[in-house]
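Consider the single chain below, provided in C-alpha cells and representing the form predicted on its own.
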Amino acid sequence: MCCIWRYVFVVCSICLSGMVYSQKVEVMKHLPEQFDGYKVSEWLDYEGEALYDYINGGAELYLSYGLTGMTGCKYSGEGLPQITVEIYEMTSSANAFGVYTQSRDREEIEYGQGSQSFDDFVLFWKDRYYVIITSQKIMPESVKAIHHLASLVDRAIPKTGDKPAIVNVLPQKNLVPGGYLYFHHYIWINAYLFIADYNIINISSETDAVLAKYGDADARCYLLAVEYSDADTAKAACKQLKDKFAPESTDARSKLQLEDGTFFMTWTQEKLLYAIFNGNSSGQVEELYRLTVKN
C-alpha cells in the first residue's frame, strides 16, 4: 500500500509542478537568518520524490489534500533546542483547512485563520498553506522563539482563504470545540470511529465531507455530512450506506438501534447525505437530526 501511495504521490507532484500552485511562500525573505541565539542551520525546499521521503509516513494525509510542496528551515543555537519551520502548500485553502482539522483538537485564532499552540509546537492554516513550527524540547527561549516565528510566517502569507462551505451544515449546539474534520478521501471516514474498511459511500475528490463529534466524552455521537454532485448520487450513496452498514434499516425505519445498543440514522437533503453514528439514545439522535435539518 505504501508503494502505491508513493507512486501516486510522485506522479501527482510532477503533474502539479507546472501549475499555478507551485508558487510557494518565499519564507527565506521573511524569516531571519539569526535571532536571539538562533541561526538557520538548514533551509528546506521539497517537491516530488524528495518531499515524499521527507514526510515519510505522513504521505497519505498530505496527498489526500493535494500537497504540492513544502518550504521552511531549521534553526539551531548553542544550548538551545532545534526548531523546525515547515510550510506545506496545498492546492486550495479548503485543503489547507482540511489538513489543519486533522491535527488540531481545539480552536484558537492566535495565528492565521485558525491555530493551536503548545509550549513545543504551533500549527495553523492560512490561505492554501498549513504551517507547523516545532521545538525538540521545551525551554523558555524556545517557547518565545516558536511564537515569534509563527508571527513572522503569518505575516509572510498575504492572503486569506475560505473554509469549505460544507462546514456550515454542522449544528453548533453540543458540537465539541475543534471536534470536526473536513476531507474528500474515504480513508478519513474512520477518523473518529470505525465505519468501513472500504469506500462505503463513494467519496471522491469531487465530494466534500465533514465528520463531527457531538456530546460529552461519555455520551459521544458523530455526524457525517457528504455533498455530492446531485441529489440522485446522494440518494444512491445513502441506500448503499443503509444496505452495508445497517441492512436491517428500511425507509420506514430510518433510525434504528444496532446490535451494540447504539443508534444509527441516515437521510438525504437535496445533494447532501447525512448520517448519525454511535447515538447513545433515541432522543439524542432525534435532537441532532432536528438541529441538522433546521440548520
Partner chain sequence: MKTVTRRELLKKTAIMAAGGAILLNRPVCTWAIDGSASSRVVLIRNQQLYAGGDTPDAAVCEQMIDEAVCRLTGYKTPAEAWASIIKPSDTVGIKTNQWNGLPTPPEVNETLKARVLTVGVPEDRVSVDDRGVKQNPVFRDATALINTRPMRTHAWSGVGTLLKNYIMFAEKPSDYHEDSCSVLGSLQELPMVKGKTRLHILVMFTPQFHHVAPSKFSEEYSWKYNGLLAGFDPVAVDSTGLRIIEAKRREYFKEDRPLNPPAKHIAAADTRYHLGTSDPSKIELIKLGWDENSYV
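Residue numbers count along the first chain shown, from 1. We call the rigid core the largest set of C-alpha positions that still match within 1.5 Å between the two forms. What you are looking at is a predicted structure, and each value in this text was computed from that prediction instead of being measured.
Form predicted together with the partner chain: not shown, discussed below.
Exactly one of the stretches 89-97, 201-209, 158-166, 102-110 approaches the partner chain in the predicted complex with heavy atoms within 4.5 Å, and it is 102-110. Only one of the listed residues (256, 31, 40, 236) places a non-hydrogen atom within 4.5 angstroms of the partner chain in the predicted complex, and that residue is 256.
Scanning 45, 36, 248, 232 against the partner chain in the predicted complex with a 4.5 Å heavy atom cut-off leaves one residue, 248.
In the predicted complex, residue 190 approaches the partner chain with a heavy atom inside 4.5 Å.
Under a 4.5 angstroms non-hydrogen atom cutoff, the partner chain in the predicted complex has residue 213 among its neighbouring residues.
Within 4.5 Å of any heavy atom of the partner chain in the predicted complex lies no heavy atom of residue 127. Among residues of the shown chain, residue 136 is one whose heavy atoms approach the partner chain to within 4.5 Å in the predicted complex. Residues of 116-135 placing a heavy atom within 4.5 Å of the partner chain in the predicted complex, in sequence order: 116, 118, 120, 121, 123, 130, 132, 134, 135.
Superposed on the core, the two forms barely differ at residue 243: its CA moves less than 2 Å between this form and the one not shown.
For residue 49, a C-alpha deviation of 2 angstroms or more is recorded between this form and the one not shown after rigid-core alignment.
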